[in-house]
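In the form predicted on its own, a lone chain appears below as structure tokens.
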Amino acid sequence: MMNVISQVSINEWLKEIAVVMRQNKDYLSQLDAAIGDADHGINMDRGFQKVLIKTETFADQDIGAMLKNTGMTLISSVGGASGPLYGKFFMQMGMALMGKMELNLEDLSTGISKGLDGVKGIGKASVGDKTMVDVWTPVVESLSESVNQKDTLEIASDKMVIAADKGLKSTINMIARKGRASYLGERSIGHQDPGATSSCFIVNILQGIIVGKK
């Protein structure tokens, strides 16, 4: 059982995100076609393929530097809203974890919370707006609760995934209030948000790393 998340595991997380984004590129773009620009999968794949190349240089970097570098890579390589939002998420997470070579549950909770703050800072979205915030907010709340309950990292990651999945499903019946999807008004109801979906992938991959699926 993993008691801390190592620098190597965070690097594996980033590499696996690139794999999953490529595998789900068409699916994410199909979700986006219903309520947006139909390019979310293409953008996420492009960004994380650039990150994948960068991971080869991460061996000697601390976790904060790796995540900050990831964020900067996404901002410079991804168009639309995805680049700035995900870029800010990883940059803020990295800045909160600068100098660390391993993370305990409290570190992980703090890092993801700061990442969410970054997303909310530039996207101005709240829970219920049908965005990635609807996944990351329950994840942050779940991790914070796990810290308070002194859960193991593995149990906390299981709870985190359940919270993320619940947040993702909640976007289906929401009216979009941000981005291009907001132009559709009530017609956006019935569609799962693509940004929330890619966020849920990222959470699930992290849990897989923690419990040793990868």
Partner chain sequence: MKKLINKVDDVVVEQMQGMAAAHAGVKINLEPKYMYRSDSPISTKVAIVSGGGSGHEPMHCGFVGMGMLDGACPGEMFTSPTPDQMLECAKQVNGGPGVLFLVKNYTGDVMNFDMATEMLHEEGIAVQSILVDDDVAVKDSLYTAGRRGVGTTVLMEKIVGAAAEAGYNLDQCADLARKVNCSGRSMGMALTSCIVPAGGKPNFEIGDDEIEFGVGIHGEPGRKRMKHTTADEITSMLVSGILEDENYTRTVREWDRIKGDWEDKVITSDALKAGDEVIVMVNSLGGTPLSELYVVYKKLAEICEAKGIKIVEKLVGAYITSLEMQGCTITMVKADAEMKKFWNAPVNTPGLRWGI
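Numbering follows the first chain given and starts at 1. Here the structure is a predicted model, which is why all the values come from computation and not from measurement.
Another form exists, predicted in complex with its partner chain; not displayed. Remarks below refer to it.
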Just to confirm the contact call: exactly one of 40-48, 165-173, 152-160, 58-66 touches its partner chain in the predicted bound form at a 4.5 Å heavy atom cutoff, so which is it? 40-48
Would all three of 15, 204 and 209 be in contact with its partner chain in the predicted bound form, where contact means some heavy atom lies within 4.5 Å? no
Quick check on residue 128: any heavy atom within 4.5 Å of its partner chain in the predicted bound form? no
Partner contact for residue 77 in the predicted bound form: its partner chain, 4.5 angstroms, heavy atom: yes
Report yes if any heavy atom of residue 81 sits within 4.5 Å of a heavy atom of its partner chain in the predicted bound form; otherwise report no. yes
Decide whether residue 108 counts as a contact residue for its partner chain in the predicted bound form under a heavy atom distance cut-off of 4.5 Å. no
Does anything in 108-128 come within 4.5 Å of its partner chain in the predicted bound form by heavy atoms, and if so which residues, in order? 122, 123, 124
